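Below, in C-alpha cells: the form predicted alone, a single chain.
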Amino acid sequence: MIKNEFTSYKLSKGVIDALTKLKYVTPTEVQKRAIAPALDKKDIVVKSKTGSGKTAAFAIPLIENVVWEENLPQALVLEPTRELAYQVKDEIFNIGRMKRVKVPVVFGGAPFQPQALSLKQKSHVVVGTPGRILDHLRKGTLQLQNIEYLVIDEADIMLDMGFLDDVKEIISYLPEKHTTMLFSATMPEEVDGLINEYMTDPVKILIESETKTEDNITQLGYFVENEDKTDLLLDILYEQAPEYCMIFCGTREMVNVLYRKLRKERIRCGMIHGTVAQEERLRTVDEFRQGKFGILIATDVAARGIDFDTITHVINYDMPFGKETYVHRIGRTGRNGKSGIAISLMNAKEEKLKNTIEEYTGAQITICERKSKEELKLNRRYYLEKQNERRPLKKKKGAVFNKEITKLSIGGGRKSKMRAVDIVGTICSIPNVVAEDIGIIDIRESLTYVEILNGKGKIVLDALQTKPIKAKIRKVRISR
C-alpha cells in the first residue's frame, strides 16, 4: 500500500482518506511550504505558477480546521472568474467529502435567490467572485462574523480585472481577527499594496524556476500571413493530431470564426469567450474536461485561471500582446511531468515579440517549415476519421467516491418544513448506522438530498421505504 506523505501534517483521518482516494499522496513544492503555516493560522503569501497545486495548498488547511457543527461559514475563498470559482469549489468539496463539508459557490450571471437559499443552510466554506459576494453581503444573505480564513486566489488576475475596491470592501465585513492567504502567479504593485495593508507578518513562499516556462514544453513557431493562418492551423492539426488542445485567439470575433471553420471541417471543438452565456461556458469547460471533444478555442479573459491537467498542445492562433500572457497560455501544457507542445502562428512584424519572449523565458521558439498538402494527405484522412469516433470520457475527480457514497433523494423539503435534524434522527435510528455515516444534506424546496457514506447506502435506502420521517413515509430513491 502506498504511504500518503500528507500524514506528516497530522491531518484527520477523513482528510487523509479523501486525499488518498484523489491520489494526492506526495505534496508538491507549494504544498510542502504552505500547508504547515496555514494550519497554524499564519498569514501567507504564495507566488507560484498556475498548475503547481495551489488550490490543495489552501483547501487542505481550510478543511482540516473546519468545525462541522458550526452553521455559519468559517472560510471565504475569492476567485476572479465564475469558471475558476466552480473549479475551486469542486476541489475543496472533494477534499472535504469525508468530513461532510458544505461548499456553496456564488457568482454573477446566475439567479440570486437559489444562492441565497443555499447560503441560508449550513455552509462551511463559501467560494465566489467578488461582485456576487458583495451583493450577498449588502443584502444580508451572507454572514461573515465567524470567518477564520480569507483566501484571495489568483490575486494578480483578480486585481487586473478591476476587483481591488470590491476585495477591500469584502475585507471590511470580516472579523478583525482572521487569517489571510494570498495566492498569485505574479506580484504586481497592486498585489504588494494589498499585502502591506491587510496582512500581518505574512510567511512569504516564492517558488521560482530558472526558466519562466517548463523544460518539458517544446515551443514551435510558424511565420505566416494573416490570410493563410486558418489554412495553416488545419495543417498543424492534421500533422500533430492533438489529443487535448487549447487554441488562443485575440478577439471574441476570431473565436467565433475559427469555431465555425473547424466545425465546417467536421472537427469537434468548443469555444468560450466573454459573450458566451455563462451556463454554456460552464458546460463547455466541463465537457472539454471530460473529453467529449479535444479542442477548446478561447480568449485569454475567458480562459483565465481555468486549470486543465491533460492539455497536450497549446496553439497561439493570435500572438498575445505581452510575454507574461504567452507564459500563462503555454503553461497549460506540460503539467505533472508530462511533455507538451506549444505552437505559435506569427507574421513577420511579430518577430520582435518572438525575440522578447525568448529572452524573457530563457527558451527558444523553433521556427518550422510548413509541410505540403501532399505530405499531409494521409494525416488529414486519419485525423478526420478520428473525429467520428466516440471518445472515452474521463471520470470526474469526485467520481472516485461513488463506490462508498450513495446519494438519496427524499420527498419533502422546505415546503414541508423538513430540517436536517429530522433526517439525521431518522437515519441514526437504523441499526448499524451512525451520524458519521451521513454526509452532505441539501434541503431544496420540495426535495431533500442526503449522502450516505461508508457503503451503507443500500441499508439506509431499504430502511427508509417503511420508516417515517417527520411522521410520514417518504418517497426515497437513489439520486443519479
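All residue numbers are counted from 1 along the displayed sequence. Here the structure is a predicted model, which is why all the values come from computation and not from measurement.
Keep in mind that the form predicted in complex with adenosine-5'-diphosphate is not shown, yet the notes after this line are about it.
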| query | finding |
| --- | --- |
| adenosine-5'-diphosphate contact in the predicted complex: Ser344, any heavy atom under 4.5 Å | no |
| Proximity of Thr448 to adenosine-5'-diphosphate in the predicted complex, heavy atoms at 4.5 Å | no |
| Distance check, Gly412 to adenosine-5'-diphosphate in the predicted complex, heavy atom within 4.5 Å | no |
| Interface membership of His178, adenosine-5'-diphosphate in the predicted complex, 4.5 Å heavy atom rule | no |
| One residue of Glu265, Asp307, Asp300, Glu358 in contact with adenosine-5'-diphosphate, assessed in the predicted complex (non-hydrogen atom, 4.5 angstroms) | Asp307 |
| adenosine-5'-diphosphate: the contacting residue among Lys204, Lys323, Lys397, Lys261 in the predicted complex [heavy atom, 4.5 Å] | Lys397 |
| adenosine-5'-diphosphate in the predicted complex: contacted by all of Trp68, Gly96 and Arg100, heavy atom 4.5 Å | no |
| Stretch in contact in the predicted complex with adenosine-5'-diphosphate, which is absent here, among 37-45, 51-59, 449-457, 430-438 (heavy atoms within 4.5 Å) | 51-59 |
| Stretch 322-339 - residues with a heavy atom within 4.5 Å of adenosine-5'-diphosphate in the predicted complex | Arg335, Asn336 |
